[in-house]
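One chain comes next, on its own, written out as structure tokens in the form predicted on its own.
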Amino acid sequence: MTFDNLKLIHLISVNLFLLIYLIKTPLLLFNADQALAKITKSTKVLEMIISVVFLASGVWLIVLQEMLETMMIVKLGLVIISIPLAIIGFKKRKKVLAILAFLMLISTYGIAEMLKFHKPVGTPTGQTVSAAELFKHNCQRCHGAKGNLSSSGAADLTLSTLDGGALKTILQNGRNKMPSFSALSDEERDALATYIQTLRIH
């Protein structure tokens, strides 16, 4: 299974999970106990399956990316906490817990959107430029640690035949869905271009 297919499965499971709670939460808030009991009973098995797929696919996406950023940890933590909160909230009819769980799940969407608009990360002041660190913070999310993840249409760097000059031009200007990394210094883009060439399958 490709990374993008797994990401699609994750997205579908997230949306289905949220849809179930989007239906159940108002029923709990407005004391529609019979309707809530009926929905809960009819979706119990489906909800369990979706929860497992939701969590497992999310964790597996992180494993495939071979990186765990602070915001990813926060997102994962919110999901892990929100599921038992939701279960307790709905089982014991605790409205505050149910609302809190729902808000936590919604907030993971915001974090996911923030991660999409990732700003280039340069070398901290006073430190030597490290191509490997630059790649990890700027490229690994889409290309993977080995360069062959191909997330969101990213090129497989292990198969690239571009020379250093062409790579530096792409880093400067961006290409297709890949943003420009013009915010990085010339030295940093040179280091990245050289590093990318080391990922090729010879």
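Computed from a prediction, not measured in an experiment: that's the story for all the values here. Numbering starts at 1 and follows the sequence shown.
Form predicted together with a small molecule: not shown, discussed below.
Proximity of 143, 153 and 167 to the small molecule in the model of the complex is complete: all three residues have a non-hydrogen atom within 4.5 angstroms. Using a 4.5 angstroms threshold between heavy atoms, residue 41 stays clear of the small molecule in the model of the complex. The small molecule is not shown here, and in the model of the complex it never comes within 4.5 Å of any heavy atom of residue 51. Mapping the unseen interface onto this chain, residue 178 counts among the residues with a heavy atom inside 4.5 Å of the small molecule in the model of the complex.
Heavy atoms of residue 34 never reach within 4.5 Å of the small molecule in the model of the complex, leaving it off the interface.
For the candidate set 148, 172, 57, 160, a heavy atom within 4.5 Å of the small molecule in the model of the complex is found for exactly one residue, namely 160. Residues with any non-hydrogen atom within 4.5 angstroms of the small molecule in the model of the complex fall in just one of 131-139, 42-50, 57-65, 25-33: 131-139.
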